[in-house]
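Quick heads-up: the structure tokens below are two forms of one chain, split into structure 1 and structure 2.
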Structure 1
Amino acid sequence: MASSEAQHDSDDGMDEFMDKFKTQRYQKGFSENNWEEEFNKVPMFMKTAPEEIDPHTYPELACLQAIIHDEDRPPEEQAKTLKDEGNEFFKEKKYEKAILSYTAGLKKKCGDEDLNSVLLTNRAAAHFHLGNMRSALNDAAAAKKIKPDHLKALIRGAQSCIELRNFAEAIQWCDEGLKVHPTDKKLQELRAAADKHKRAAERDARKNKIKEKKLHGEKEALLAAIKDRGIKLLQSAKPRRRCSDSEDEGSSAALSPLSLDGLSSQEVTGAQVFLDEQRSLHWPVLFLYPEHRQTDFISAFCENNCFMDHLAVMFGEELPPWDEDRKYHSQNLQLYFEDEEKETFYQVNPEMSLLKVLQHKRFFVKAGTPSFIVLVKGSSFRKQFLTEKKIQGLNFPLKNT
């Protein structure tokens, strides 16, 4: 009887509770506007897991996480759970998070060697997809140490070695794998690829060695040619000190030893002196026109050519656009080179060869590029430019010898 009354009271209470919905809406339920958002907070209906699990926002998910990561469970069980978690991250291509999960599983130090080797190979795969080839190789090696016949570890180790261009080591990984998995097609393909790359790398190395030997011979011949001609190179990086006129040019601290380091032109063209088949030197030469702040660059001025050969072409029938006064005719031009150490300008006869000028005792090749100043004979600018400057002529005959 008492039970019947209790049931009756309960039913009456439920009826009263349900009757409320006829007159007012349930305030704590899902609304038409937020039901999808609320459903996404329930683990069973979630489309994607949140990056960070806030217990206040996702209480159910926080409870499940606490159960999964319960420290009271055996290490093997915890490690397996973390492996599965890492696999889910891996499937979603969240390789960084997968690595964290696999690492956490390894830190459990469970006694299951199969599980530990799987954690290592899986972490190696995640590292591989991130481009961390050295880390992938280390994990594959650690897995192979636990289980020498682990196929995935052997494959991942060989792949990592190929990416690191350690082709001989990749072949060694494949050979070890094929001893225990002789019919595995992946290992066979990797070995064939590694062997092909190894032979190509060895061939390229032989070619490079031959090329380097040839370049070295050419450099030695070039330096010998410069030295035989008595041409002097200048170290422009070091400040030059003044010296007396009687001081021999060989004692200048600015002279650089004969090496190709000082022979690369600093111009945009990057041209450099070279020795042709007839054993003639060709120099990059710079002409400066201070009156108009202009320059000309000849990338290969043969040492046997005279300056007039080039001036006649550069200032022939068609004069440069910046010569508005039309006065830069080849026969009106004067050439000079500057000896900064002695603060002297040397006038160059245009009929001289480049070699004769380069052999002058006070000419120093700076930055691998001989340079000359060009002025117009009798011009007001020339007079002003050379004011208070020491001028000397070259002690060479006017014609080539």
Structure 2
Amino acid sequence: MASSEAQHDSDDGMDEFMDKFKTQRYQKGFSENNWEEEFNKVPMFMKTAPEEIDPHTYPELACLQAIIHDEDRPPEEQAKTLKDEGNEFFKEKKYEKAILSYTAGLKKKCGDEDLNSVLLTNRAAAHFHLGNMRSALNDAAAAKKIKPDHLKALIRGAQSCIELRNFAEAIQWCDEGLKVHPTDKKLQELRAAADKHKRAAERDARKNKIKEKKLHGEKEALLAAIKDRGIKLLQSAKPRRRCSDSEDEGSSAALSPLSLDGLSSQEVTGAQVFLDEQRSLHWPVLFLYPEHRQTDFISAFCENNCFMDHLAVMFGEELPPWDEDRKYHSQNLQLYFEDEEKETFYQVNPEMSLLKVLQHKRFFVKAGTPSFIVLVKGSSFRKQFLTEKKIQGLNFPLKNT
């Protein structure tokens, strides 16, 4: 390496340093490929600051940061700087970071109450934009406590209350604010809005109450109608008993205390017995065809109709596709209902009305849906099915209804 003549004009060796480049090439210069990247690392030319400042990677930045947040400065100054920092984050919509800055500012506990109130109010705003309404409200309240006339705190508090649907409190915030700032438009606007919401909510509550009452009344009427007819409802065997668990399922007349539990249909259709305008009951009814493991569901079987009315239609002109033997003609069908407790099958006369059958003393409506078994007269399946089963006819005097 060629050494140059040392110039002794300067003490810092600057001249020597500069002279070096008369003969040497500067090694650490930026190349065409990396100059943008390199520029971005110099604090002065950075377009964006890195999220975290690692003192090893960015020593200059770390230095600057240390200067800004110098712990030796008075707390008010530090707090103010943190407030400004928070505001910057806020502008960039980086609300979590803003909250961190504001919180740090508040931790300084500087005596400047105006500043603290602003920090709290700004943090409230950040929380608000993140959807943390509770936190926003708390911060606004704290700000209001320090400075009761702080307009932005009052507005933010009212807004938070509205978002939390606490309209009465929102109105209180507005009234408090209007005492100090009687002509503020925003407060007036918020008050009117909160008032409107409050009254709408009250109306909704009234409407629901009336609906509930009506529904309740209808339910009562329905249960009364069923009871008056002497129809018995069986509670579904779901574990909803409050009494002893030792009760067997289906033992000793497990009648539901006349509650609506007994009426909830387990059918996915959600059909339920109802009372029509002529005060007749319409029941959801199941027809079971054990021979082919099929079922038919009638959503509203009027109690005054008889079974034949339905069977004639269902097995009239066209027989169902599962009836391979083509034998389910309406006049060949026999109906039974099962008394599970006594393990007895009762035969039902298809000319009888549904009401009459339901009133039979051994008929229990299960899960709100009366169900009937359909078999074909004289078929081998029927014979098989009814072997070893107790059968009874219905003890009704035969009347022409």
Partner chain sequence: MLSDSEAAELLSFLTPDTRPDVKGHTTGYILGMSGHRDGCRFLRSKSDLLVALFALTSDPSIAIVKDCYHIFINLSADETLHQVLLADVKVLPVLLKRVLDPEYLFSDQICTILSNLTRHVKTCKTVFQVLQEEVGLAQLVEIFCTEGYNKKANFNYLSPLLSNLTQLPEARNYIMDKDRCVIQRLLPFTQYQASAVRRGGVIGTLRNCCFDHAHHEWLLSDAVDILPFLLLPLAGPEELTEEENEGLPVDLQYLPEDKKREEDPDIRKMLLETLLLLTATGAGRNTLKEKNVYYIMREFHRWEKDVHVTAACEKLVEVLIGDEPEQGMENLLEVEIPEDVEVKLKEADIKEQQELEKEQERMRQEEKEEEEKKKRDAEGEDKEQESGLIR
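Counting starts at 1 and follows the sequence of structure 1. The structure displayed is predicted, hence computed values, not measured ones.
Asks: I need to confirm something. Of structure 1 and structure 2, which is the form predicted together with the partner chain?
Replies: Structure 2 is the one predicted together with the partner chain.
Asks: Hinge check: of Ile210, His129, Lys91, His197, which sits where one rigid part gives way to the other between the two structures?
Replies: At the hinge: Ile210.
Asks: I need the hinge angle between the two structures, given as the rotation of the smaller rigid body against the larger one from C-alpha superpositions, in whole degrees.
Replies: Comparing the two forms, the smaller part rotates by 10 degrees relative to the larger.
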